[in-house]
Ligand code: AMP
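Taking the form predicted alone, here's one chain by itself in structure tokens.
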């Protein structure tokens, strides 16, 4: 396991990044690591370079301090969390230029990168791994408090479906029990960040469900929203959370895909499985990655061409 103290004690500048289009676990893990290192080393420059997360996560300490502008700073230590460096967008150049490169991730398709790695595909989330590192570095809990515990708990629940997905382990539950002991209102956090949707998000979900298509003898379901659909609805990148999971809950379905057209061209593809299909394998075939039951990729082509390629991958496994 990586020792955060020995790794960072001689560094003056420390950088942290996660993947593009950051989700709850990306926010929880990067900001949790930032909170700990900023408290443990107040004399050092600790920065997070990340795309602006959804406003849903504005309450997380440190989000308002995320560095979005580009400059020529060279970090002594640079962490890529919940991702491979290639999926960090503009932040990849800072990782490449850093003196020490560190990769922390839980995706099964990540083979590890940089000088030091903490990769555990059996973990519920990257936030769980950051918790491990913090506990190792701070066994007495001197720097753990309610806000840091809440940040890590946020990341964990987002990636394990509030302990409903198969990546939830007994260890995950023990960590969650420790975190809620710090006294934050965890039922409210779950409601506001996992279940609660805006009216627009409900409309987008309704559109996606209405346009869904069932195929492969009812075992595969997919839905596609084009740029025309998205513009008509007035939706943004943060309005698609949870759609692929809702599709997967269709009775008889073994795998689900939700595709939405992205501004830079092509379609972002989110894949989910009940376990009979390894969607990470399917995503990896197209340059993506993820977990056995949850994965994603980005594909170019017409919706028909993309669906044909995806269906072939799913059909091969079924």
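Positions refer to the first chain, counted from 1. Just so you know, these numbers come straight off a predicted model, no measurement behind them.
If you look for the form predicted together with ligand AMP, you will not find it shown, but the lines that follow are about it.
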Looking at 268, 281, 40, 45, which has any heavy atom no more than 4.5 Å from ligand AMP in the predicted complex?
-> 268
The one residue among 299, 11, 307, 294 placing a heavy atom within 4.5 Å of ligand AMP in the predicted complex is 294
Go through 285 to 293, 61 to 69, 246 to 254, 31 to 39 and give me the stretch that gets within 4.5 Å of ligand AMP in the predicted complex, heavy atoms only.
-> 285 to 293
Using a 4.5 Å heavy atom cut-off, state whether residue 272 contacts ligand AMP in the predicted complex.
-> yes
is_contact(residue 150, ligand AMP) in the predicted complex, heavy atom dist at most 4.5 Å | no
Is there a non-hydrogen atom of residue 107 within 4.5 angstroms of a non-hydrogen atom of ligand AMP in the predicted complex?
-> yes
Evaluate residue 87 for contact with ligand AMP in the predicted complex, applying a 4.5 angstroms cut-off between non-hydrogen atoms, and reply yes or no.
-> yes
